[in-house]
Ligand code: NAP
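Coming up is one lone chain in structure tokens, specifically the form predicted alone.
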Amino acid sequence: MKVLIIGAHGKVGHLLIGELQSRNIDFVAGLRSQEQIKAYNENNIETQFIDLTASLDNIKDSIEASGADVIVFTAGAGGAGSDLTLEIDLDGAIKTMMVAEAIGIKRYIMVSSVFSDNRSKWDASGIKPYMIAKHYADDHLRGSNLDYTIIHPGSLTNEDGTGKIKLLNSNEVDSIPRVDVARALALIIQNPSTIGKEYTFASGDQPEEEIFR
């Protein structure tokens, strides 16, 4: 197994690198700039240039070159504007799903958002374009032939992780450290029983190993 982390320079993606290293899981960091690639290579981390705004053929070439058989999508425009949000979080995500299906990568794990499937919460979120992008990207993934898992973490913090969470319903929200989201992703990668499932969660009192098994 080899995992391609699309969005490896983001906060969750960077933490996921550490989780995979600690578990001796082979991975490649998908990055969008040559400066990032140089810095990661200097730390002996395998990298792959991926531009989610590029053509479908270019993205296909990049993903094929990575040699991965698992994709974790944790990329995002990061509040850079509605246009780029739609281009990265929606169209970029869907292009990676199309490529995965075309080249035979079955396992695909999506980092989505709490409330992405609850339209009644979008206006009050302050990030409605992001919610719309995540909603339709998730919906496309559900309709694909991929072995998917979708996670909907609560409000992300930079606090120390606890390794314990609680499951939420679509109307609930609470916070969770990014490191615990990264830990959840690592557990999901290791456990095929999570295929075809979605998880909405935040910090709680149940060990993550009991949820993602």
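Residues carry their position along the shown sequence, with the first being 1. Everything quoted here is computed from the prediction, not taken from an experiment.
The next section is about a form of this same protein that is not shown, the form predicted in complex with the ligand.
Asks: Do Gly10 and the ligand share at least one heavy atom pair within 4.5 Å in the model of the complex?
Replies: Answer yes; at least one heavy atom of Gly10 falls within 4.5 Å of the ligand in the model of the complex.
Asks: Since only the chain is shown here, I'm wondering whether Leu52 would be in contact with the ligand in the model of the complex (any heavy atom pair within 4.5 Å).
Replies: Yes, Leu52 sits close enough to the ligand in the model of the complex that at least one of its heavy atoms falls within 4.5 Å.
Asks: Residue-level question: is Leu141 within 4.5 Å of the ligand in the model of the complex, judged on heavy atoms?
Replies: Judged by the heavy-atom cut-off of 4.5 Å, Leu141 is well away from the ligand in the model of the complex.
Asks: Taking the ligand as it sits in the model of the complex, is Tyr108 near enough to touch it, meaning that at least one heavy atom pair lies within 4.5 angstroms?
Replies: Flag for Tyr108 set to no.
Asks: Pick from 142-150, 44-52, 63-71, 160-168: which stretch has non-hydrogen atoms within 4.5 Å of the ligand in the model of the complex?
Replies: Residues of 44-52 come within 4.5 Å of the partner.
Asks: State yes only if every one of Ala75, Ser113 and Lys134 has a non-hydrogen atom within 4.5 Å of the ligand in the model of the complex; otherwise state no.
Replies: Yes, all three are in contact.
Asks: Could you run down 153-175 and flag each residue that has a heavy atom within 4.5 Å of the ligand in the model of the complex?
Replies: Read in sequence order, the residues that approach the ligand (within 4.5 Å, in the model of the complex) are Pro153, Gly154, Ser155, Leu156.
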